[in-house]
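As structure tokens, one chain now follows by itself in the form predicted on its own.
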Amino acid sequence: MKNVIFCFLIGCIFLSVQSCNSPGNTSITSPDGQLKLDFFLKKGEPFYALSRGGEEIILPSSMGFEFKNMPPMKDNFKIVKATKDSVNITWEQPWGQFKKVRDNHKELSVTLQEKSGDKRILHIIFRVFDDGLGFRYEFPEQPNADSLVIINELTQFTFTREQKVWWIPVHSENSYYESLFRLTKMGETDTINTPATFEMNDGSFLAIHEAALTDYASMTLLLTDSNQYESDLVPWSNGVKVYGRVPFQTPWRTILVGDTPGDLAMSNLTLNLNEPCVLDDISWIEPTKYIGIWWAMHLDEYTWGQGPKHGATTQNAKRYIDFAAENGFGGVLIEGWNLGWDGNWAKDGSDFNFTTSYPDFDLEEVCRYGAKKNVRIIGHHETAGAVFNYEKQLEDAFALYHRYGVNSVKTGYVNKYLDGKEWHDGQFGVRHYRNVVETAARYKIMIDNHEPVKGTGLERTYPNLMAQEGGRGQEYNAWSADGGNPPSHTTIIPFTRMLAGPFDFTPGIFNFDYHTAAGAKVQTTLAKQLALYVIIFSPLQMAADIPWNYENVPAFQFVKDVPCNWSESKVLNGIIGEFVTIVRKDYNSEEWYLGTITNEKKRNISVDLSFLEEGITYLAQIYEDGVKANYKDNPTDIHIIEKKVTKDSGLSFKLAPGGGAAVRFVPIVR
């Protein structure tokens, strides 16, 4: 039983229930009374509205569905019941940005019934937190509606006026969210992905996303007016949005609100709307830092396929294992070990074999050698989107890894479509990704999913879903035609992409002197690469560079020291696209870590250290940009110093263009 303590609720629970029959308009407020959710019918059509501090932020927005071969459910309702609950609990995570998570919300559950026709029933559940709103639809068992074919979900998000929004497009650039975020007025967008983050006219911030995406299509946002979006579900190839059998429920539609962008970044609303952990034993789930035969492949020094430069050889793997063991890394990612990488694999992944290795790679021997050195192999399954081929082999592939002690696997789906016709983020893809996570859990394997469906907090229910890509990562600095990620990129993603959950960005590039055909470059300083270990959260965190590039570089000490699992996290400051400072406390010790980064502009950053513990003196190990540092022509200039500090101290940093600073705070005197 002790192995499941992190998945159980702890603390005290307060629950009150109120109900009434045939109510009219109804509402609930957040626990602190600042947010108010109103629900009402207008000529039989359901609407919700949201206000904050008495000011409207979401105007009355309609709700409902359209189906294939049956009438819509949108404007023929009466309210037959409304029930109110309140919950205040605390639960623990085995890993995360926080060890303890408080779930404090008020709930309104509304039962609607059609006034005529088949008199179908629809439940709508609202949960209001101090930092936002979640709501979902539930279709109960009922006559004449045993199965549903949804053509459209008609959920609206109507703002009081046109706002500015940070967004990426849907499918036009790629199908797995790897676009640069842009800031425009709402009216200059079309259909956008979530999370979408809004800079409100009153200076506050709001984000729209979803939680608990399960056997349903991903929600995108279709612009229907200059101040309004409507849910636009990603379709199957035949145009249908969702196939469902009652009873079933939709994902939660979420609206985060905050005074600062940091309020959004530190919200646990998405996690709280997911079901608690369903795994009986989580003792095998281990946050890990790792290295990999990866960056050299992107630089064309190694190949995934066979040949004189094949990277995944037994000999090469052992070299990487030796380096990992010598420097305290728990894993080595090995890509390109299995049959299928020869030829144009990205176009057609049907030749991938997930249990047969190339002749120059001995999986059993490599895993044995790693175990002797206390280093686990991180497995790799690239599918190129050939889902049918992968699922045929899934059980055998995971069984093979489990037999040799491989307890984490990076999966990949490098193709615009799955099986040649379905989107990654449609119901087909959602079902597949969930199947992989559940199957992996049975074999005690953690998943790092690349080219995924977006994160929606499923890691609470299945904590073996450790990390995902689902964003434009470090690899673009090796081969992208636009020159790589601009310096502003990593100042944006904490408030956009990372609202969806952990991001396997793969920081830690130390050698900036490389040349690729596309001319892409890492557009940061060395100090900023260190800071990214704090800024970008992932419980599987990579030291992405070729291992030999770390040798004899003093800054590598920070990469070895920094954890990848946290008990507390705070955003100290930040302007989206400009700069951000985040501090985090180690999950397993009293150490704190700080990361601060800027865009292409140099700037001075001052922080107070009031987050540190009272009565303790810390040794601050500071890695900051040197006086001549610049991401364009002098990225490796770094200044490393130590000084004693307390919670009453302050620190100031002069960040170079494209620069940053990283600090480790070690308690030394109580």
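Counting begins at 1, following the sequence as shown. Remember, it's a predicted structure, so these values are computed and weren't measured experimentally.
Quick note: we don't show the form predicted in complex with a small molecule, though the next part is all about it.
Identify, from the list W345, Y550, F512, Y443, the residue with a heavy atom within 4.5 Å of the small molecule in the predicted bound form. Contact with the small molecule in the predicted bound form is made by W345 alone.
Which listed residue (E469, E459, E210, D545) meets the criterion of a heavy atom within 4.5 Å of the small molecule in the predicted bound form? It is E469 that has a heavy atom within 4.5 Å of the partner.
Can any non-hydrogen atom of E382 be found within 4.5 angstroms of the small molecule in the predicted bound form? Taking the distances in the predicted bound form, the answer for E382 is yes, it comes within 4.5 Å of the small molecule.
Heavy atom of F157 within 4.5 Å of the small molecule in the predicted bound form: So F157 does not count as contacting the small molecule.
Taking the small molecule as it sits in the predicted bound form, is E475 in contact with it (heavy atom to heavy atom, 4.5 Å or less)? Yes.
With the partner left out of view, is K410 within 4.5 angstroms of the small molecule in the predicted bound form by any non-hydrogen atom? Yes, K410 is a contact residue.
Candidate stretches 567 to 575, 587 to 595, 186 to 194, 298 to 306, one within 4.5 Å of the small molecule in the predicted bound form by heavy atom: In short, 298 to 306.
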